[in-house]
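What follows is a single chain, given as structure tokens, in the form predicted on its own.
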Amino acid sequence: MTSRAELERLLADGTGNPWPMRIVWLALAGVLAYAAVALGLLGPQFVNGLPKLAGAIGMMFPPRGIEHMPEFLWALAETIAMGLLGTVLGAVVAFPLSLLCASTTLPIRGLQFGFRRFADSLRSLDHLIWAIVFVRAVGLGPLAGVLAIAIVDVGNLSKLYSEAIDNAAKGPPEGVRAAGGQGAETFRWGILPQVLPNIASTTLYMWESNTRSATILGIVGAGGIGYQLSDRLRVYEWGQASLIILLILVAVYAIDLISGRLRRMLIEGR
């Protein structure tokens, strides 16, 4: 176990004085306490809302609406397709953009900085904001959700892909160049085999996340099971809402299971 003296040494600044770090932690605790009070987490609003929350959960049982199951399943399939297609489109665009964001493949500092900031701007807004924008642009329906997921994924995946490229071992590319390879050949045979499993694993994980995001996007008009859920909650059909939530949980669990096994296969096959 770490002794108190060792702990104080770890928290001390360069001169051995532990008080600067203590002040930082105290200030952080004060900010968190203020935020909790200001936002009602430690106030009567939260406490008074707990019985209402318990009542709403109680009205969800038992789940009802089996007669609407075909409609719910179709909407769920729409949501899964939305997440999958958005992920694929995002990955297709993010891969070439990641080459422009990585210092290994684009050593020109100014251009690399510009492409990185462009990717940052795409992921700086949440899926919901982009979905609202695309609903206004292309209308209600899953197309807006697909575009919202894809544009955020371009920003997220280009960052993750570029980091994998920059962290690749330098030996294989140098070996390819020593054998006479140049440019694209160096990347194809020296870098891509190293980063491809990581890229595939990251993309699979993003598919899991996007399936959950696609559920939420339906609330703002992007279709899918999220729209069905928000519609039932709006008219206080708690039993049907409970059934939809159970379907979402089963679908997300199945996708997580499939994606997890695929990622393990990729890692073990490296």
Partner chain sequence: MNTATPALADAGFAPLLRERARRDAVRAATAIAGLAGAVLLTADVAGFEPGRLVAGLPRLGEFLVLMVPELALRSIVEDVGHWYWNIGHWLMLLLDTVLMAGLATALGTIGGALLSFSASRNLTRGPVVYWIVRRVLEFARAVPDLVFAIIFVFSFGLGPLAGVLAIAVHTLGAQGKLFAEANENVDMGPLFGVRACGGDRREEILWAVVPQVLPNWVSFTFWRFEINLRSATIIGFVGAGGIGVELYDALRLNYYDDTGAILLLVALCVFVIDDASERLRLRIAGGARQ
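Only a predicted model underlies this, so the values are computations on that prediction, with no experimental measurement involved. Numbering follows the first chain given and starts at 1.
Same protein, other form: the form predicted together with its partner chain, not shown, and the subject of what follows.
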Within 4.5 Å of its partner chain in the predicted bound form, heavy atom basis, the matching stretch of 193-201, 94-102, 120-128, 176-184 is 120-128
Practice prompt. Flag Leu243 as yes or no: does it have a non-hydrogen atom within 4.5 angstroms of any non-hydrogen atom of its partner chain in the predicted bound form?
Written response: no
Residue-level contact is defined here as any heavy atom of the residue lying within 4.5 Å of its partner chain in the predicted bound form; does Ile23 satisfy this criterion? no
- prompt: With a 4.5 Å heavy atom cut-off, would you call Asp166 a contact of its partner chain in the predicted bound form?
  reply: no
Quiz item: Taking 4.5 angstroms as the cut-off for heavy atoms, does Leu41 touch its partner chain in the predicted bound form?
Solution: yes
Residues in 118-154 that come within 4.5 Å of its partner chain in the predicted bound form by at least one heavy atom, in order, are Asp120, Ser121, Arg123, Ser124, Leu125, Asp126, Leu128, Ile129, Ile132, Val133, Phe134, Arg136, Ala137, Val138, Gly139, Leu140, Pro142, Leu143, Val146, Leu147
